[in-house]
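Take a look at this single chain in C-alpha coordinates; it is the form predicted on its own.
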Amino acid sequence: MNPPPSAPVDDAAVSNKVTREVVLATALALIDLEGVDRLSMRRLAAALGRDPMILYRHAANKAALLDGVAETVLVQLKVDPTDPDWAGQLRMVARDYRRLALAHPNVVPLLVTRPLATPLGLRPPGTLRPLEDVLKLLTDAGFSGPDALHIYRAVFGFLYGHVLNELQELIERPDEVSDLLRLGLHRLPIAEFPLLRSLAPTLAAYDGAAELERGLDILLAGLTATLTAPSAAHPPGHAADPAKRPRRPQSPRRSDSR
(Lines give C-alpha, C1' and ligand atoms only; values in the text may rest on other atoms or scores of the structure.)
Protein backbone atom coordinates (compact mmCIF):
# COMPACT_ATOMS: atom_id res chain seq x y z
CA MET A 1 0.00 0.00 0.00
CA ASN A 2 1.42 3.35 -1.00
CA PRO A 3 1.84 5.97 1.70
CA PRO A 4 -0.51 8.93 1.53
CA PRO A 5 0.88 11.89 -0.40
CA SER A 6 2.53 14.52 1.73
CA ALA A 7 0.74 17.80 2.25
CA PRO A 8 1.71 20.49 -0.28
CA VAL A 9 4.26 22.99 0.93
CA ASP A 10 2.81 26.41 1.61
CA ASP A 11 5.54 28.42 -0.12
CA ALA A 12 4.16 31.76 0.95
CA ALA A 13 4.16 30.79 4.61
CA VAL A 14 7.60 29.22 4.48
CA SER A 15 9.22 32.10 2.60
CA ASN A 16 8.22 34.44 5.43
CA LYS A 17 10.39 32.39 7.76
CA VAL A 18 13.36 31.72 5.49
CA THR A 19 14.95 35.12 4.91
CA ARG A 20 17.93 35.93 2.72
CA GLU A 21 20.01 36.43 5.85
CA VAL A 22 19.10 32.96 7.13
CA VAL A 23 19.88 31.40 3.74
CA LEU A 24 23.30 33.06 3.50
CA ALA A 25 24.19 32.33 7.12
CA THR A 26 23.33 28.67 6.62
CA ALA A 27 25.29 28.54 3.36
CA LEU A 28 28.29 30.06 5.13
CA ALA A 29 28.04 27.50 7.93
CA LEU A 30 27.94 24.67 5.39
CA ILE A 31 30.97 26.03 3.55
CA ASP A 32 32.85 26.40 6.84
CA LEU A 33 32.06 22.77 7.61
CA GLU A 34 32.32 21.06 4.22
CA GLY A 35 33.89 23.47 1.72
CA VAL A 36 32.57 25.32 -1.31
CA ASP A 37 32.54 22.29 -3.60
CA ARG A 38 30.07 20.43 -1.39
CA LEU A 39 27.56 23.27 -1.35
CA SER A 40 24.52 22.91 -3.59
CA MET A 41 21.05 24.38 -3.57
CA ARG A 42 19.63 20.97 -2.68
CA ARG A 43 22.14 20.49 0.15
CA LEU A 44 21.34 23.97 1.48
CA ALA A 45 17.60 23.34 1.30
CA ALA A 46 18.02 20.10 3.24
CA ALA A 47 19.94 21.94 5.96
CA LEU A 48 17.12 24.47 6.19
CA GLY A 49 14.45 21.78 6.07
CA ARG A 50 12.74 23.51 3.17
CA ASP A 51 11.86 22.90 -0.47
CA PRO A 52 14.82 23.84 -2.74
CA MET A 53 12.60 26.06 -4.90
CA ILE A 54 12.20 28.50 -2.02
CA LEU A 55 15.92 29.28 -2.15
CA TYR A 56 15.62 30.76 -5.62
CA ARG A 57 13.63 33.61 -4.15
CA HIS A 58 16.78 34.68 -2.33
CA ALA A 59 19.49 33.66 -4.85
CA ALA A 60 18.86 33.17 -8.56
CA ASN A 61 21.48 30.44 -8.82
CA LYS A 62 24.53 29.04 -7.08
CA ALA A 63 26.74 31.83 -8.44
CA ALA A 64 24.50 34.44 -6.84
CA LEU A 65 24.50 32.40 -3.64
CA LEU A 66 28.31 32.38 -3.54
CA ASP A 67 28.36 36.15 -4.16
CA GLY A 68 26.05 36.55 -1.20
CA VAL A 69 28.25 34.40 1.04
CA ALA A 70 31.29 36.50 0.12
CA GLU A 71 29.29 39.62 0.91
CA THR A 72 28.21 38.18 4.27
CA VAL A 73 31.86 37.86 5.28
CA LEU A 74 33.13 41.11 3.77
CA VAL A 75 30.48 43.28 5.43
CA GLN A 76 32.22 42.37 8.68
CA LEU A 77 35.38 44.13 7.45
CA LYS A 78 35.07 47.62 8.91
CA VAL A 79 37.03 50.62 7.67
CA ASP A 80 37.00 53.96 9.51
CA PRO A 81 37.41 56.53 6.71
CA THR A 82 37.62 59.36 9.27
CA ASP A 83 40.82 58.04 10.87
CA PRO A 84 43.56 60.67 10.35
CA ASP A 85 46.22 57.94 10.52
CA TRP A 86 45.62 56.38 7.10
CA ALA A 87 48.55 53.95 7.36
CA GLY A 88 47.48 52.83 10.84
CA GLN A 89 43.92 52.32 9.63
CA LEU A 90 45.08 50.20 6.70
CA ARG A 91 47.12 48.09 9.11
CA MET A 92 44.02 47.52 11.27
CA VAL A 93 41.98 46.60 8.18
CA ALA A 94 44.65 44.11 7.15
CA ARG A 95 44.61 42.49 10.58
CA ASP A 96 40.80 42.23 10.46
CA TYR A 97 40.91 40.71 6.98
CA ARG A 98 43.35 38.06 8.17
CA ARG A 99 41.13 37.37 11.21
CA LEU A 100 38.10 36.83 8.97
CA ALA A 101 40.12 34.61 6.63
CA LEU A 102 41.31 32.40 9.48
CA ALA A 103 37.77 32.22 10.90
CA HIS A 104 36.40 31.13 7.49
CA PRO A 105 39.29 29.43 5.66
CA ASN A 106 36.98 27.61 3.23
CA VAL A 107 35.55 30.96 2.14
CA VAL A 108 38.94 32.52 1.30
CA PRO A 109 38.89 31.32 -2.34
CA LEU A 110 35.55 33.11 -2.71
CA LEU A 111 36.91 36.32 -1.19
CA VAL A 112 39.97 36.28 -3.45
CA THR A 113 38.61 34.98 -6.76
CA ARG A 114 34.83 35.42 -6.71
CA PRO A 115 34.85 39.22 -7.23
CA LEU A 116 37.10 38.80 -10.28
CA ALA A 117 34.37 36.74 -11.97
CA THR A 118 31.86 39.59 -11.75
CA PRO A 119 32.08 43.09 -13.31
CA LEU A 120 32.72 45.75 -10.70
CA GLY A 121 29.33 47.42 -11.02
CA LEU A 122 27.47 44.10 -10.75
CA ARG A 123 29.06 42.93 -7.51
CA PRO A 124 26.99 42.90 -4.29
CA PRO A 125 27.17 46.31 -2.58
CA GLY A 126 28.63 44.81 0.59
CA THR A 127 31.68 43.55 -1.29
CA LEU A 128 32.36 47.08 -2.59
CA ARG A 129 32.01 48.85 0.76
CA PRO A 130 35.63 48.25 1.89
CA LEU A 131 36.87 49.66 -1.45
CA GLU A 132 34.71 52.76 -1.17
CA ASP A 133 35.70 53.36 2.45
CA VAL A 134 39.42 52.89 1.78
CA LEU A 135 39.22 55.32 -1.15
CA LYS A 136 37.54 57.88 1.12
CA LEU A 137 40.14 57.29 3.84
CA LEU A 138 42.98 57.96 1.41
CA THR A 139 41.47 60.83 -0.57
CA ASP A 140 40.54 62.56 2.69
CA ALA A 141 44.18 62.13 3.72
CA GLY A 142 45.19 64.03 0.57
CA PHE A 143 45.99 61.34 -1.97
CA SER A 144 44.59 61.70 -5.48
CA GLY A 145 41.87 59.28 -6.53
CA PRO A 146 44.17 57.26 -8.83
CA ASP A 147 46.86 57.02 -6.13
CA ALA A 148 44.25 55.94 -3.56
CA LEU A 149 43.19 53.18 -5.94
CA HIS A 150 46.83 52.12 -6.42
CA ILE A 151 47.27 51.88 -2.65
CA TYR A 152 44.09 49.83 -2.25
CA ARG A 153 45.16 47.41 -4.95
CA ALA A 154 48.66 47.06 -3.50
CA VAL A 155 47.43 46.44 0.05
CA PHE A 156 44.68 43.99 -0.85
CA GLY A 157 46.81 42.23 -3.43
CA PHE A 158 49.33 41.62 -0.65
CA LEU A 159 46.55 40.46 1.70
CA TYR A 160 45.16 37.97 -0.82
CA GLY A 161 48.57 36.43 -1.29
CA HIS A 162 49.31 36.42 2.42
CA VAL A 163 46.15 34.62 3.55
CA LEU A 164 46.39 32.05 0.75
CA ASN A 165 50.00 31.38 1.67
CA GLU A 166 49.27 31.18 5.40
CA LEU A 167 46.39 28.77 4.94
CA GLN A 168 48.49 26.50 2.74
CA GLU A 169 51.63 26.26 4.87
CA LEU A 170 52.38 22.54 4.86
CA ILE A 171 54.63 20.54 7.16
CA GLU A 172 55.46 17.10 5.80
CA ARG A 173 56.52 15.52 9.09
CA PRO A 174 55.18 17.54 12.07
CA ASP A 175 56.97 15.36 14.67
CA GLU A 176 60.36 15.49 12.92
CA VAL A 177 63.10 17.43 14.76
CA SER A 178 65.04 18.45 11.66
CA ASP A 179 63.52 21.43 9.86
CA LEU A 180 64.85 20.10 6.55
CA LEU A 181 62.91 16.88 7.03
CA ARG A 182 59.81 18.58 8.44
CA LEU A 183 59.45 20.72 5.33
CA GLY A 184 60.58 18.06 2.89
CA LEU A 185 63.49 20.27 1.82
CA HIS A 186 65.87 17.33 2.12
CA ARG A 187 64.49 16.21 -1.23
CA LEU A 188 65.94 19.29 -2.95
CA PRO A 189 69.51 19.03 -4.36
CA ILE A 190 71.69 21.22 -2.19
CA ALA A 191 73.76 22.34 -5.20
CA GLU A 192 70.64 23.76 -6.88
CA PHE A 193 68.79 25.14 -3.85
CA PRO A 194 71.39 26.09 -1.23
CA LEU A 195 69.62 29.27 -0.09
CA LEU A 196 66.22 27.66 0.20
CA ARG A 197 67.64 24.81 2.26
CA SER A 198 69.56 27.23 4.47
CA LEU A 199 66.31 29.04 5.31
CA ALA A 200 64.68 25.88 6.66
CA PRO A 201 64.59 27.14 10.30
CA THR A 202 62.96 30.40 9.20
CA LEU A 203 60.45 28.61 7.00
CA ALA A 204 59.60 26.10 9.73
CA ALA A 205 59.04 28.88 12.27
CA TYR A 206 56.46 30.62 10.06
CA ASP A 207 54.27 32.98 12.09
CA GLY A 208 51.32 34.33 10.13
CA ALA A 209 50.68 37.34 12.36
CA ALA A 210 54.35 38.36 12.42
CA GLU A 211 54.66 37.78 8.68
CA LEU A 212 51.67 40.04 8.07
CA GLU A 213 53.13 42.84 10.17
CA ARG A 214 56.52 42.60 8.48
CA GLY A 215 54.93 42.63 5.05
CA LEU A 216 52.86 45.67 5.96
CA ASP A 217 55.97 47.44 7.25
CA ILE A 218 57.64 46.96 3.88
CA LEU A 219 54.55 47.75 1.84
CA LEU A 220 53.43 50.88 3.68
CA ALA A 221 56.99 52.23 3.86
CA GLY A 222 57.32 51.71 0.13
CA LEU A 223 54.01 53.40 -0.60
CA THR A 224 54.92 56.35 1.58
CA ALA A 225 58.29 56.73 -0.13
CA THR A 226 56.94 56.27 -3.66
CA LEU A 227 53.85 58.45 -3.44
CA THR A 228 53.93 62.08 -2.38
CA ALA A 229 53.02 62.25 1.30
CA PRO A 230 49.54 63.63 2.02
CA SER A 231 49.37 67.30 2.93
CA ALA A 232 48.61 68.23 6.53
CA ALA A 233 47.14 71.58 5.47
CA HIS A 234 43.55 70.39 5.80
CA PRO A 235 41.77 68.93 8.84
CA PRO A 236 41.71 65.13 9.08
CA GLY A 237 38.50 63.67 7.73
CA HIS A 238 37.98 66.50 5.22
CA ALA A 239 39.03 66.19 1.60
CA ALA A 240 41.72 68.59 0.49
CA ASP A 241 41.11 71.08 -2.30
CA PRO A 242 41.75 69.04 -5.50
CA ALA A 243 43.94 71.84 -6.83
CA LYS A 244 46.13 71.61 -3.73
CA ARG A 245 46.31 67.84 -3.40
CA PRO A 246 49.83 66.47 -3.58
CA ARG A 247 51.00 64.97 -6.84
CA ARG A 248 53.73 62.49 -7.58
CA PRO A 249 56.96 64.11 -8.72
CA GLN A 250 57.19 64.36 -12.52
CA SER A 251 60.97 64.23 -12.65
CA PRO A 252 63.85 63.60 -10.22
CA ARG A 253 64.73 67.34 -10.34
CA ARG A 254 61.35 68.51 -9.09
CA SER A 255 61.43 69.30 -5.36
CA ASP A 256 58.67 69.33 -2.84
CA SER A 257 56.97 72.72 -3.06
CA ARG A 258 55.99 72.75 0.58
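The model shown is predicted, which means the values in this text are computed figures rather than measured ones. Numbers for residues come from their place in the sequence shown, where the first is 1. By rigid core we mean the largest C-alpha set that fits within 1.5 Å across both forms.
Below: the form predicted in complex with a further copy of the same chain, not depicted.
Q: Give a yes or no on whether each residue among 75, 91 and 174 has a heavy atom within 4.5 Å of a further copy of the same chain in the predicted bound form.
A: No, the candidate spot makes no contact with a further copy of the same chain.
Q) Is there a heavy atom of residue 101 lying 4.5 Å or less from a heavy atom of a further copy of the same chain in the predicted bound form? A) Result no; residue 101 lies far from a further copy of the same chain in the predicted bound form.
Q: Evaluate residue 85 for contact with a further copy of the same chain in the predicted bound form, applying a 4.5 angstroms cut-off between non-hydrogen atoms, and reply yes or no.
A: No.
Q.
Check residue 222 for me: does it contact a further copy of the same chain in the predicted bound form (non-hydrogen atoms, 4.5 angstroms)?
A. Yes, residue 222 sits close enough to a further copy of the same chain in the predicted bound form that at least one of its heavy atoms falls within 4.5 Å.
Q) Quick one: is residue 226 in contact with a further copy of the same chain in the predicted bound form, heavy atoms, 4.5 Å cut-off? A) Output for residue 226 is yes: heavy atoms within 4.5 Å of a further copy of the same chain.
Q) Just one of 33, 196, 46, 60 has a heavy atom within 4.5 Å of a further copy of the same chain in the predicted bound form. Which one? A) If I apply the 4.5 Å criterion carefully, the residue I get is 196.
Q: Would you mind checking 198-218 for residues with a heavy atom within 4.5 Å of a further copy of the same chain in the predicted bound form?
A: Result: 198, 199, 202, 203, 206, 211, 214, 218.
(Q) So, superposing on the core, is the move of residue 202 at the CA at least 2 angstroms between the shown form and the other one? (A) Yes.
(Q) Checking residue 165 here: with the core superposed, does its CA move 2 Å or more between the shown form and the other one? (A) Stays below the 2 Å threshold, so no.
Q: Given a change of 3 Å or more, say if the Cα atoms of residue 200 and residue 218 sit closer or farther in the predicted bound form than in this form.
A: It is farther: in the predicted bound form, the C-alpha atoms of residue 200 and residue 218 lie at least 3 Å more apart than they do here.
(Q) Flagged pair residue 35/residue 204: C-alpha distance shifts by 3 angstroms or more in the predicted bound form. Which direction, closer or farther? (A) Closer: residue 35 and residue 204 approach by 3 Å or more in the predicted bound form.
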